[in-house]
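Let's start with one chain on its own, the form predicted on its own, as structure tokens.
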């Protein structure tokens, strides 16, 4: 969600001499959800950075759902967080459901786990949500909009339930947040080339997420000018982008767009810059 995402961007913000900013305060409570749209590899890096930042900077527990086994942290994340402690990593639980049905069962299971866990998760992450909505034949739309709505609604209901549990237990970690990534048929080129084409599944999913985080690769000279391998524009927008979820040096109002740049260097280092 927007407050954790902006904390990620500020934590790894480009500085003169490439020095990291002083320690940042955790973001204020902001019960919203964010949907990260764009390239798989970059969106996963952003999700992993969010998980690590939430666990290390905020000290909260994270549940990370993905279909792809994560054997080790990507090089880019290791370069960004070279001194990550094992204790922080223990706060992140990786789960590997294969289908929408398994994802639904495991998310629903978070309701029951609160009876045994002294500290419920404060962040739920779903990597490549569209992958869970694929049929065995590989068609996203065969799953149907109702399936997408069911998964999204359960995520929101679970986050609301866990927020109540956290409040009852007087946890200082605030509400439970949701961040998911999604790559639509339109972005992959599988849909119509019509520039006005929309993805009906994405349209359904977005109704349940308050913030859109759009990743758009820079194809011009900016990467070369920054001596970077890649340059990306990151746009945060949506009804959840309120004054409580923006950085102190950004005066965005609800309904406006907050823009960042992401530079990826040949050695794997990732740096963000507020535009």
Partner chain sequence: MPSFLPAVVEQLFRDIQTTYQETAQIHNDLLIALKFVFGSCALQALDLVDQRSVTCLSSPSGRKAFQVLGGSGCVYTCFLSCHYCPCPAFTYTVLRRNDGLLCKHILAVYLSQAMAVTQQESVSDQQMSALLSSTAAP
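Positions refer to the first chain, counted from 1. These numbers come from a predicted model, not from an experiment.
Omitted from view is the form predicted in complex with its partner chain, to which the following refers.
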Partner-proximal stretch of 125-133, 67-75, 85-93, 100-108 relative to its partner chain in the predicted bound form, 4.5 angstroms, heavy atom: 100-108
My question is simply whether residue 184 lines the interface with its partner chain in the predicted bound form - judged by any non-hydrogen atom within 4.5 Å. no
Considering only heavy atoms, tell me if residue 207 and its partner chain come within 4.5 Å of each other in the predicted bound form. yes
Exercise: residue 166 in contact with its partner chain in the predicted bound form, heavy atom 4.5 Å: no
Looking at the partner-bound form in the predicted bound form, is residue 145 within 4.5 Å of its partner chain by any heavy atom? yes
Those residues of 151-165 with a non-hydrogen atom no more than 4.5 Å from its partner chain in the predicted bound form are 153, 154, 156, 157, 158, 159, 160, 161
